[in-house]
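To begin, one chain is listed below as structure tokens, in the form predicted on its own.
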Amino acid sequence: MSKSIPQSKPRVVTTKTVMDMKRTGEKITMLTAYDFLVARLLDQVGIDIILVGDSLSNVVQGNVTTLPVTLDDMIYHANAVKRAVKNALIVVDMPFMTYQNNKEEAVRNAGRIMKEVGVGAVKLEGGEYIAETVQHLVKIGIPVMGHLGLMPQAINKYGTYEVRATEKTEADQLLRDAKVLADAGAFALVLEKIPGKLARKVTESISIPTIGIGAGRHCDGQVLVVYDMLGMTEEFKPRFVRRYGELAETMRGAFRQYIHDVKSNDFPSNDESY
């Protein structure tokens, strides 16, 4: 007998909702979406946060890294997501080199996202060195989600996608960065691919919620790339991705059947014709 999965009742989620969830101990759910149909399905089942991630550079555009995706790309996809969503909090990644130069440029680019899409927040990668930018964005009314640990926009600096902050120096810096971002006004913090013990220490040390991806079970919430958890990105199989489907093979099967049916003149049938 299959396990019955309780349905989450959709509710309107705001940044305040997310912060209250940490206070009450309710786990936060976040998944990525880049288009109308996926976003609508996520919203219908009660996901808390939808991230329009710069991972669309990889899974939608086919790039090797997240660096090539542009602000216009993010706004285009965020608009598609926004049209589908009634309840979830939508967060949009600010792409590489749209906020690192100075806070004025960050305000201009984040402002475009907020004005042209009307989402709930933006997400920035980085620690102490972007704290002033985070503080300024929050001050003028743009909510910010932070991102520490493995930061894909800095992959050329790392040279590897291995786990971050395994050494004390980097772990101590990450903890300082988390506290600085919380003090700067970030409402939540993504922790990517760091040791679970460190993620737990960060989670217990700051007042804002942490959302983990490859950071263990003690974060206040979890996020995955939707194409990864559905088994569509078959070549990407890190240990932190739980597969909830194998849609790549399901889709190939449907496509093969369609090809067969057309070539054998089975499709369309009389009932499928006018």
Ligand code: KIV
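A residue's number is simply how far along the shown sequence it sits, counting from 1. Remember, predicted model here, so these are calculated numbers, not experimental data.
Not pictured, yet referred to below: the form predicted together with 3-methyl-2-oxobutanoic acid.
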query: 3-methyl-2-oxobutanoic acid in the predicted complex reached by all of Asp43, Ala84 and Asn87, non-hydrogen atom within 4.5 Å; finding: no
query: Residue contact check: Ile208 to 3-methyl-2-oxobutanoic acid in the predicted complex, 4.5 Å heavy atom; finding: no
query: Contact flag, Thr29 vs 3-methyl-2-oxobutanoic acid in the predicted complex, heavy atom cut 4.5 Å; finding: no
query: Interface membership of Ile213, 3-methyl-2-oxobutanoic acid in the predicted complex, 4.5 Å heavy atom rule; finding: yes
query: Contact test in the predicted complex: Glu192 vs 3-methyl-2-oxobutanoic acid, heavy atoms, 4.5 Å; finding: yes
query: Stretch in contact, per heavy atom within 4.5 angstroms of 3-methyl-2-oxobutanoic acid in the predicted complex, of 244 to 252, 229 to 237, 54 to 62, 35 to 43; finding: 54 to 62
query: Stretch 223 to 246 - residues with a heavy atom within 4.5 Å of 3-methyl-2-oxobutanoic acid in the predicted complex; finding: Val223, Val225
